[in-house]
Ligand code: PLP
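Quick setup: one chain, the form predicted on its own, written in structure tokens, and binding and motion questions come after.
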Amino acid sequence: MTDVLVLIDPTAAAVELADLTLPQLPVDDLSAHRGDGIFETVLVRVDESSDDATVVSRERHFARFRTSASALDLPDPDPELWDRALDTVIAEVRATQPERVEFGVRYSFSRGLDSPRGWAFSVPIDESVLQARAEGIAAVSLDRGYDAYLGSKAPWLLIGAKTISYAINQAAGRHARECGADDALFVSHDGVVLEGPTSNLIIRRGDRLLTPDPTAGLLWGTTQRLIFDHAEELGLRADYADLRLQDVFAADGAWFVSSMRTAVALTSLDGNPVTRDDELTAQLQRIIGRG
């Protein structure tokens, strides 16, 4: 896939194409050595019959982007400017790779050094994502290191903000793979199920879809909310709840949901098999695909 990069100057309200293969970010940028910035990743789907490109949950992603900016005391991102950057990346990918029907775009906002800066670039859908959608994943549970609902008492911890500082999330994924699993499931120190390093958890219990309460200490997912918006058409009710590992083990189906992977079935947790619902997996993936 052709690499596409757009640089964003919030101060000048300017957007320009750049070369993703060349150095662009100064090493003293605060996002580079302190993780002082935010990002979102959106899925772009192209309808092969109409040739129209749809950004899945576009408004939700940007709303969360603004919430994250507020949590970090960054300037409020200008919707018109960031829309222009996103559309520029999409147009460039479509022009250079017209056969591409699915790809991602990641956009970021850094405190910079003397002034804030932003950028957006294309993200390919790699084979591991397609395999996870088709086959599901195994996960191990990991202690997140804090009690549930800590964020309401300690907002400076930025729990629920989508920051560039993802070292812990990446480390959790590596640890899971060292354990022979595909991914991790964070659990609060007092035993409440939270989220995956890059995904939200949804389980089915009878006619109900359940997901952890975002205020328990996790990022409120755009894909999870999209699914909950359409639960009724699946004949299901959707609720937020405090879940324990036993609730996942006993579920009638469980999924990690995120922008790029969409909905992937959780096939086992800590070596214990989890019931699969392949029909509902396909339905969830179709709902997300419609945007």
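All residue numbers refer to positions in the sequence shown, first residue = 1. Since the structure is predicted, the reported quantities are computational estimates derived from the model, not experimental observations.
In what follows, reference is made to the form predicted together with the ligand, a form of this protein that is not presented.
> Taking heavy atoms and a 4.5 Å cut-off, does Asn169 contact the ligand in the predicted bound form?
Judged by the heavy-atom cut-off of 4.5 Å, Asn169 is in contact with the ligand in the predicted bound form.
> So in the predicted bound form, does any heavy atom of Val257 sit within 4.5 Å of the ligand?
Residue-level check for Val257: yes, a contact with the ligand.
> Please determine whether Ser31 contacts the ligand in the predicted bound form, using a 4.5 Å cut-off between heavy atoms.
No, no contact at 4.5 Å.
> Is Gly221 close enough to touch the ligand in the predicted bound form, meaning at least one heavy atom pair within 4.5 Å?
Gly221: contacts the ligand in the predicted bound form.
> Which residue among Ser141, Ser188, Thr198, Thr88 has a heavy atom within 4.5 angstroms of the ligand in the predicted bound form?
Going through each option in turn, the one that passes is Thr198.
> Can you say which of 22 to 30, 246 to 254, 56 to 64, 230 to 238 gets within 4.5 Å of the ligand in the predicted bound form, counting heavy atoms only?
So the stretch in question is 56 to 64.
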